[in-house]
Every structure is written in C-alpha cells, then in structure tokens.
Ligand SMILES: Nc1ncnc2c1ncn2[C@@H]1O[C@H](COP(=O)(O)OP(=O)(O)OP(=O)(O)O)[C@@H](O)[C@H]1O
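Single chain ahead, written as structure tokens, the form predicted on its own.
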C-alpha cells in the first residue's frame, strides 16, 4: 500500500534522512523504532509532505504522491496522529472530532462520531468537555479518533506512548491492535521498542537517519543489538557484562 524509496531529507546542511526505503502492505501493522533524533518524525512528516525532501519517491495505493500537498494526501486515504497529539485544547472533544471530518459529507461525520464514541467511550462521555482538560491518555485517544474521522485506509502514528503511564500505553496499543484487526493499515514510529514490536507484524530500526535493520517484529524483539540499544538500561548492563 505504501512504498518509500530512497528518501533523503535535510535541514540546511544537516542530513536527517539518507536513502531511507520502507514498505507497508495493505492491512499490515508495521513499527519503525529508533532513538530520539533518529529521524522518525521527519520520515512521517515527509511521507505526508508536511515537510519537503531532497530525493526519493513516495507511492500510496499504486500512485506516486511525492508532490501532492498534505490535504490531497489526506483526501486520498492517509491520516497522521502527530507527535504530542496536538489536539485543539480550547475546543470541545466533539469539535476536535468534527475538525477531523471537515472534508467528509455531513451525514458521514455524524456516523463517524457515533463510531468514535463506541470505540472510545470516554470521548462520548466527555464530548462537551474542553479537550485541554482531558488526561494525556484521553487526549491520545482523541487524537486517534480525530484522524479516524477522515475514514483513512492507512494511519501513521508518531510516538503514541510519549508521556503516558504504562497502563495507559497498553490501552492505546490495544486500541491500535483492534483497528489493525479491522483491516486498517498502520505505520507507527516509536522510541518504546518493546511495545511497538510486541504489537506489530514487521519492524524497521532507524539510526542516525538510516535504516540499519528490518524484519519480523518478533525477530527484532529478540535481536541482541536491538535489545542493547533500545530496551533499556537494565538490559544493557546485563548484556554488556
């Protein structure tokens, strides 16, 4: 469904991505892990053409979208849940969701709202509440719901676990697992390698703007180098003895 070929992005003289190639088949749940500053957010923003790129191509559903603007990419069936959620904090939960569906017909927006309230009951309970008053986990659910209001075929997720408690992170990932089971294609980028690889089917490892490893998520989760680099201080100390 998505194919990124030899993508390179620079910020002035600083290269953020260098010849990055990834692919995601229809219905796949793929995670891309890497440390802070590896280029994960840059990759998603470049796919969505939120930022430009100096080289490479992006193909979605068999059509090149490299030069399309972001609204046209969204209309074509791709949505992004940005890093930090970026909800409209002064608007209500319902208004946030409606903003996600502003390109859709009115009758469809009403139907999608009900679907979001069924999927995320807390949003239904607090539909008239100002979004900035929600907890971090609730805001993440709202950000996902807002993206789903566009009726996407593919969802890009940027650091969904950021700033959340472990139990809330698990709840978010269970929702993503549920969405994947409906056939939604997901590309997720994360620093939390354990959760990302536990729920995904395949994975990539991005380091300093380059893809250094790829494979089945279960294989990457068991890779000693991935464990040493991404699965925490306690494991590093045991592995390096």
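Positions refer to the first chain, counted from 1. Quick caveat, the model's predicted, so the values are computed rather than measured.
Keep in mind that the form predicted together with this ligand is missing from the display, and what follows is about it.
This chain is displayed without this ligand, yet in the model of the complex the stretch 32-40 from 65-73, 195-203, 174-182, 32-40 comes within 4.5 Å of it by heavy atoms. Only one of 226, 20, 16, 217 comes within 4.5 Å of this ligand in the model of the complex through a heavy atom, and that residue is 16. Interface residue remark: residue 191 is counted as part of the site for this ligand in the model of the complex, having a heavy atom within 4.5 Å.
Using a 4.5 Å cutoff between non-hydrogen atoms, residue 83 counts as a contact of this ligand in the model of the complex. Taking non-hydrogen atoms only, residue 138 never approaches this ligand to within 4.5 angstroms in the model of the complex. Residue contact check for residue 159: one or more of its heavy atoms lie within 4.5 Å of this ligand in the model of the complex.
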